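In structure tokens, the next block holds one chain alone, the form predicted on its own.
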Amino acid sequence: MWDVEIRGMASAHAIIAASIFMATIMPAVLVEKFSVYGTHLVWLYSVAGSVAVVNIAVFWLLGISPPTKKNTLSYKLSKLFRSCVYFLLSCLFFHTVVVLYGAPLLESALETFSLAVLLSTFTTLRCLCILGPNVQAWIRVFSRDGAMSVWDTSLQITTGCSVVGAWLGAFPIPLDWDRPWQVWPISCSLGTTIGFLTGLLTAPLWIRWHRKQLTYKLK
């Protein structure tokens, strides 16, 4: 059972990682003078949109999201609406945190919010896909020994790697190197993406290596 779940996770993560590379390659064909640095926001939203679509599709096909107690249309619409609200609130939350950490308040506000959208796509959207719009479940997963499945553990790893990647990406910005990737928020969004990719790669390997030590409580 463990091997089946880990292989399923590795396959899902590989598809999501591939979507990032495709989102980088395709705009280069479709958009004139496209580059990760020169047209950074185009790349950023291309990656965020691609990862969002693939995440939703993969987790829906795998049936990872928690089963709904009600199958009525109104309940599903309510769940979708709450998920959209949570995602928007997450964007505002990350935007506020980034500003508190030193990003310009008014200048480059669009760039800052775009970084917040990318962070929310790599973290909050995965929470919504795996746990649904259930804040109590989110708190449980990110508490000590709160994971109840390998997917919960993968969520912890990918979320942590994404946030740490964004934080590490901010370090080169104030340095007097005069490099094109030091323009706000290029290094942070690249750090976020590299961190997320690292989490996608690390999660199945870490879980497989530690599967004998992992014990999950029953839901």
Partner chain sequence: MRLSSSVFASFCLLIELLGIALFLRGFFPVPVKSSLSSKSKLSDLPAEPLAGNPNSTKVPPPLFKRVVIILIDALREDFIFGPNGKRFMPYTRHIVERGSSHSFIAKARPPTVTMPRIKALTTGSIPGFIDVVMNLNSPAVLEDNVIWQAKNSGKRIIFYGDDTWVRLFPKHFMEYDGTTSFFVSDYTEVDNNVTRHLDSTLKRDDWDVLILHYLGLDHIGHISGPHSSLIGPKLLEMDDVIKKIHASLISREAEGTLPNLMVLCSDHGMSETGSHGGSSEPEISTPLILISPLFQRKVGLEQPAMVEQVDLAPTLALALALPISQNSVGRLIPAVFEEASLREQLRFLHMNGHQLSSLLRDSNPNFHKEDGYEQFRMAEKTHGNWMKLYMDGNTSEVLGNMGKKLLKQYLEALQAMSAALSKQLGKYDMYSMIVGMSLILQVLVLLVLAMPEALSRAACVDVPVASAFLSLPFYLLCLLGSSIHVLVCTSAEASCYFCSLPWLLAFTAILFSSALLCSLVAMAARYVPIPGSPQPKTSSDWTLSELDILLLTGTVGHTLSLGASSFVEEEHQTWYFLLNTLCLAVFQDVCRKYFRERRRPGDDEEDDPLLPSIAEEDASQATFSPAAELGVSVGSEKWLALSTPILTLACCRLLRSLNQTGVQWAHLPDLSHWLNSGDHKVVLSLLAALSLLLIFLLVQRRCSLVSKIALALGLLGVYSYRAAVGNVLFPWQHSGRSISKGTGEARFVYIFILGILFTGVKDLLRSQVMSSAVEGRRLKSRGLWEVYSGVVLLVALLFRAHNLPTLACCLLIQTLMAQFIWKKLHYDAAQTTIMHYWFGQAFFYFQGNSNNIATVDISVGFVGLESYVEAPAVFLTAFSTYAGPLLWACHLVCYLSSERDRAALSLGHGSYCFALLRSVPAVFYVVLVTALRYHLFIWSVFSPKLLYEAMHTLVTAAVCLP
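This structure is a prediction, so every number in the text was calculated from the model and none was measured. Numbering follows the first chain given and starts at 1.
This next part talks about the form predicted in complex with the partner chain, which is not shown.
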The partner chain contact at Tyr75 in the predicted complex, heavy atom, 4.5 Å: no
Distance check, Leu115 to the partner chain in the predicted complex, heavy atom within 4.5 Å: no
Val135, heavy atom within 4.5 angstroms of the partner chain in the predicted complex: yes
Partner contact for Gly160 in the predicted complex: the partner chain, 4.5 angstroms, heavy atom: yes
Whether Phe93, Ile173 and Trp206 all lie within 4.5 angstroms of the partner chain in the predicted complex by heavy atom: yes
Stretch in contact, per heavy atom within 4.5 angstroms of the partner chain in the predicted complex, of 36-44, 190-198, 162-170, 49-57: 162-170
Those residues of 96-120 which, in the predicted complex, come within 4.5 Å of the partner chain by heavy atom: Val97, Val99, Leu100, Tyr101, Gly102, Ala103, Pro104, Leu105
